[in-house]
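One chain comes next, on its own, written as C-alpha cells: the form predicted on its own.
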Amino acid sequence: MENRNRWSNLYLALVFIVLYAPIFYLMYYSFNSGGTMHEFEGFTLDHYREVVQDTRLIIIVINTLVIALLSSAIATIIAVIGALAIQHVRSRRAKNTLLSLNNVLIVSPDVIIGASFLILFTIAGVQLGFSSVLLSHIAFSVPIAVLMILPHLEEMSPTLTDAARDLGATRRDVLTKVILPVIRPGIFSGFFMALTYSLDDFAVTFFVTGNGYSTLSVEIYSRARQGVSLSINALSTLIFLFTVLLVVGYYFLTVKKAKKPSAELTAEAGVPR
C-alpha cells in the first residue's frame, strides 16, 4: 500500500510539473531584459510597463472583465432557475434527459459552438461585437453553473421547505430565506466557474467578435501570430495571477462556509432551531 501511494504521489507530481512548468517558464522570461526567450540577460519590469501603458490593451482588459462579470452573473441567475426546474421534475427519465442535454453543451467542441453562434447571429442580424460575445458567454456558462448548483439542491433536505411552509412562509419566502441560503455555496461555485470559463475562452469568442471589439484571449492570439514579444509573457503572467487570486478567494469562501456550525447554517436559512 505504501509503494502504491508513493507511485501515485510521484505520478501526481509529474502531472503538475508538466502542467505548470511552461507557465513558470513563461513567467520567468517576462522579466528578461532581452528580446527573446532563449537566454536570460537581466531583470527588468519594462515589459510590464509596456502592458500598463498600452491604452488599447487596457480597453480590451476592461471589455474582457465586463463580459466575464456580466455574463457570469446572468448565467448564474439562469442556472439557479434551471437547476430548480430540473430538481422539481418528478420523472427520472425526463430529469436524466434534461441533464444529458445540459452536459452535451459542456462536452461539445468549442469550434462547433462558436461556428453555430456565428451562423445564428448572422441569420438573426445581430451585429458581431459586445452583444454577440455576451450572449455566447452566457450560453456556454449556464450548463457549467447548473452542474455546480444542482448537487446542493439534491443534498438539501425537503423537510426544510416543508417546515417553512408549515410556519406560514410564502413561496417567495421559501425561495429567498430557505433554498437560496442553503445552496449559496453552489451559487458561488457556479459564478466563479462561469467567470473563469469566460475569461479563458478563445474559440467561441474568436468566431463572434467583430471589427473593433476584442477580448484578451483573442488579442493575445493576434499578437502571438505577429512574433515573439515578451509583453505577451507579462500580460499572460498578470492573467495567471488574477486567476490564482480568484481560486484562492473561492477557497477561503468555501472553507469559511464549511467551518460554520450546523445550527448557524439553519439560522441563516430562516428555519427555527
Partner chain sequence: MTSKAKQVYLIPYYLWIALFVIAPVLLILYYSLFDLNGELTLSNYADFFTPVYLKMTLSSFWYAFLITVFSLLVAYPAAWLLTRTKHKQLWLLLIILPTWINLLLKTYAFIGIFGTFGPVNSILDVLGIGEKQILFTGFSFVFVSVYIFIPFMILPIFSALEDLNPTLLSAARDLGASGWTTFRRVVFPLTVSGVRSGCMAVFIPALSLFMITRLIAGNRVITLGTAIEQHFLVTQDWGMGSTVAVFLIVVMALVMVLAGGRKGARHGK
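Just so you know, these numbers come straight off a predicted model, no measurement behind them. Positions refer to the first chain, counted from 1. Between two forms, the rigid core is the largest collection of C-alphas that superpose within 1.5 Å.
Not pictured, yet referred to below: the form predicted in complex with its partner chain.
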Is it the case that Ser189, even though its partner is missing from this view, gets within 4.5 Å of its partner chain in the predicted bound form, heavy atoms only? yes
Check whether Ala139 has any heavy atom within 4.5 Å of a heavy atom of its partner chain in the predicted bound form, and answer yes or no. yes
Going by a heavy atom distance of 4.5 Å, is Thr170 a contact of its partner chain in the predicted bound form? no
Counting only non-hydrogen atoms and a 4.5 angstroms cut-off, does Pro158 reach its partner chain in the predicted bound form? no
Which residues in 142-179 have a heavy atom within 4.5 Å of its partner chain in the predicted bound form? Val142, Pro143, Ile144, Val146, Leu147, Met148, Pro151, His152, Glu154, Glu155, Arg171
After a core superposition, would you say Leu235 shifts its C-alpha by at least 2 Å between this form and the one not shown? yes
Would you mind telling me if Phe192 and Ala13 are closer or farther apart in the predicted bound form than in the shown form, C-alpha to C-alpha, with a 3 Å or larger change? closer
Distance trend in the predicted bound form - C-alpha atoms of Phe192 and Phe16, change of 3 Å or more: closer
